[in-house]
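Two forms of a single protein chain come next, each set out by itself as structure tokens; they are called structure 1 and structure 2.
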Structure 1
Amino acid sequence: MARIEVNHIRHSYLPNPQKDQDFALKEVHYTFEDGGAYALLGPSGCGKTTLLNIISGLLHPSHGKLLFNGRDVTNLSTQERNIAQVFQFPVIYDTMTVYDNLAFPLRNRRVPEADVDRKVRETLDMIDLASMANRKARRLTADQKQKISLGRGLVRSDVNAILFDEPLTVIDPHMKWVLRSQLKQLHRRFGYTMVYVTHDQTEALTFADQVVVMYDGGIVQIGTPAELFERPSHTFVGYFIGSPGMNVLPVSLEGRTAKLGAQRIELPGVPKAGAGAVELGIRPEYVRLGREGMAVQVSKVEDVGRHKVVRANLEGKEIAAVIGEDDEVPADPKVSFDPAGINIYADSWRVEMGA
């Protein structure tokens, strides 16, 4: 296992990158601690797979260095880095049996056959394919194939890190849950350094201790699931995490008050915002719907099972509020914001609020 230092790494797929826009990965500088479970979360095209491939050595970064336990590995090949990686779509060796597929990474590294057998059987049990060990891999279903890919990632115990690139995309929802919990257990048991790329917030939040949110080639926030939820440091994180995402309303500031059209909203503190566009962010979970506060026109109520999402119009802006499954929308609805859930953003970045 290793501590992975990503040292000022930038990457461009163009031969001569000039502008910031040419970079698929704008400067990333971060350390993945030994034995941590990380998720790289972000929309498609934000650079998360690029970062993963740079860590595993499939890509050589345009700028910057990569260190494993303090040792520079930037110029080492994938093999020399001793990394396991699982890809989005199943990669299996057609002509081999399930057993041989799992044994392949070990045999390539000349592991004694007795150890190969022990490790492969362990892994087969883990991915629940023990009964198919001697079947030809190509006859399996897509999710069984993906389990083989997963198994090949887990079969080596001496790897520096295990990287997952949206590995559960082709797996059905129930199995997803099971496999994710197994990965989590593995992590606890063996303390692997794991980096898990996904665009699915549930996956990221349930898997990782630390979630790295990426947007447009850069890291916008790193934090625990709770931090990302309570204090999104960028409006993008607010939108992206949570269902529905955070309400972001353009406001103007006046000391401890934010003005939204004719409405005045009390803030928990005085924001240290400079010039620039100021926005107020509040999660639907902190919007109280009742008979007091600011008048809204309710446009839609979505019952999502465990709770209801109310879509309403406040001063010409769409906002969402979450209410209990049994709560009713009052006849003359008004909303108020729970001060604990209010964040203020200047130019999309969160600003602190003083007393």
Structure 2
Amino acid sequence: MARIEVNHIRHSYLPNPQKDQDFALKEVHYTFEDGGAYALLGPSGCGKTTLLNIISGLLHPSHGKLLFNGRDVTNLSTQERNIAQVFQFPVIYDTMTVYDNLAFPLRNRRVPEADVDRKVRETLDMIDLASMANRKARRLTADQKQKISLGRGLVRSDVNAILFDEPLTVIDPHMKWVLRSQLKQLHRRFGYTMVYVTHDQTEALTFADQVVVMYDGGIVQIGTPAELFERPSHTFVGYFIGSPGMNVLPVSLEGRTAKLGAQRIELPGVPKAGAGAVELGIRPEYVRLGREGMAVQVSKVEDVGRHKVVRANLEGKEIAAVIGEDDEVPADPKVSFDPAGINIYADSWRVEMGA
């Protein structure tokens, strides 16, 4: 496995980029540690696949360097980098059997046949295709073919890293959960360096130890799932992670008090905010609905199974609150904010609070 250093890398698909907006990938400087499980998470067009393809060698960056264990590999091919990559849609040999598809990358490296057989059968069991080992790949469904593609990435034990580009798109929801769990188990067992691209927050948060949230060609936050939920560094992270996303409300500050219209909200500390637009962010899980606090007008109650989402209006702003499945909405509802869940943002970036 490899320690992957992304050293001040930028990339543009234009021949002569001049300004920041010309770059699909703005400057990224980060190290993926040897044996780590990472997810690149963000919406379409944010630069996550561009970054993955630069790591794999499918793209040459416009600026910057890429290092594997301290060695500059910027100009090396994917094969020279010893990378396994699993793409969004299946890349397999239809005329081969399932077994031979998995054996191919090992035989191509002249691995002894006994080791090929052991590793292939181990991988077939893991992706639940052992009963189809001797079937031609062309006869399989799309999700079964993608499982073969996943298996081809997992069968090798000599790779520097395994890269996944939205590999579960064509797989049914239950199998997605199974394969995510199996990938996690594989990582814990063998310590592969894994980088997983997805726009699905559930995939990212259940797979990765560290989630790299990307937006508009750059990285806005890197952290554990808990860090991203509790302390989003940017309002985009608050919007994008969580269901429903974080409430973001425009406020003005007065010491350790935030003012929203006629309402005054006590803060857990004094924000160190300079000039710029100031907003208060609080996740619906930290909005308390009851008979005390700030008056709201409820517009909708959504029963989503294990809890309810209450949509309401506070001082002309839409907010969401999460309540228990069996909880009732009061006749004259009011809300209060748990101080532990309050974040303050200046120009979309989180600011620290002093005592």
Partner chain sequence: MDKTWNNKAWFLVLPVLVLVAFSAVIPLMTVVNYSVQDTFGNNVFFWAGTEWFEELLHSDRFWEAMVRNLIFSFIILAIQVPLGIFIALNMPKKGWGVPVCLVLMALPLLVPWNVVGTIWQVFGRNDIGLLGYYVNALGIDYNYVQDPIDAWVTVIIMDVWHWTSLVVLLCYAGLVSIPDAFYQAAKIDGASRWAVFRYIQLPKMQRVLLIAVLLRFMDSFMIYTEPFVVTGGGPGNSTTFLSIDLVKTALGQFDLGPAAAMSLIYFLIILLLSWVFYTVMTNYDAER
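If you superpose the two forms and keep the largest set of C-alpha atoms that fall within 1.5 Å, you have the rigid core. Since the structure is predicted, the reported quantities are computational estimates derived from the model, not experimental observations. Each residue is numbered by where it sits in the sequence of structure 1, with counting from 1.
Participant: Would you check which of the pair is the form predicted alone?
Facilitator: Of the two, structure 2 is the form predicted alone.
Participant: Cα shift of Arg118 between structure 1 and structure 2 after core superposition, in Å?
Facilitator: With the cores aligned, its C-alpha sits 2.5 Å away.
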